[in-house]
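A single chain, nothing else alongside it, follows as structure tokens in the form predicted on its own.
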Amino acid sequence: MTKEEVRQAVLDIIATIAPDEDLSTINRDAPLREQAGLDSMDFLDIVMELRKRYNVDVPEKDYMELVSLNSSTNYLAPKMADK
């Protein structure tokens, strides 16, 4: 996957978890949880969806890498390159 495809995959997962949120105005560098109204359970759902859909494991020590859309994309792109 390209970085843009990874970015879209993350947005698709967030749209599934928070269907009422407007993701068109997401600032790529700002914290996702604040912008999309996600709580800690929603964040864990994102991690689980990454594992389920793309077989990508994100260890708890790396959760801070998923703070913003850009940091998530940069962290996930190498893990999803062959997806």
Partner chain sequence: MVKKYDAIIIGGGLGGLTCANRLAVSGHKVLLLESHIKLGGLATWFKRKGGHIFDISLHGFPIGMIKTCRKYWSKQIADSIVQLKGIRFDNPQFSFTTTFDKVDFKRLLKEEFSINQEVIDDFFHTVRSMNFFDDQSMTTKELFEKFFPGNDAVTRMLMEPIAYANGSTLDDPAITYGIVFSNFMDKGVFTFRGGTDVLIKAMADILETNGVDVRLRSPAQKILVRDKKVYGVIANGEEYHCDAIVSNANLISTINDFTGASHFDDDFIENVNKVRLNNSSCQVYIGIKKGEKIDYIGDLLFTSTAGKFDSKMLCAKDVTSRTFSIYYPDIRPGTDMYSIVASTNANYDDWADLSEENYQRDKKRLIDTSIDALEKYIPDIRRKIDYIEAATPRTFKHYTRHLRGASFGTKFEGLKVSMELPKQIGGLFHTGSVGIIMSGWLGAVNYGVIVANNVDKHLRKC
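It should be emphasised that the depicted structure is a prediction, and the values quoted were computed from it without experimental measurement. Positions refer to the first chain, counted from 1.
One more form of this protein should be noted, the form predicted in complex with the partner chain, which is absent from this view; the next part is about it.
In the model of the complex, every residue of the candidate spot (D20, D39 and D45) has a heavy atom lying within 4.5 Å of the partner chain. Contact check for E34: every heavy atom lies farther than 4.5 Å from the partner chain in the model of the complex. The shortest heavy atom separation between D29 and the partner chain in the model of the complex exceeds 4.5 Å.
Applying a 4.5 Å heavy atom cutoff to the partner chain in the model of the complex picks out Y63 as the lone residue from 62 to 83.
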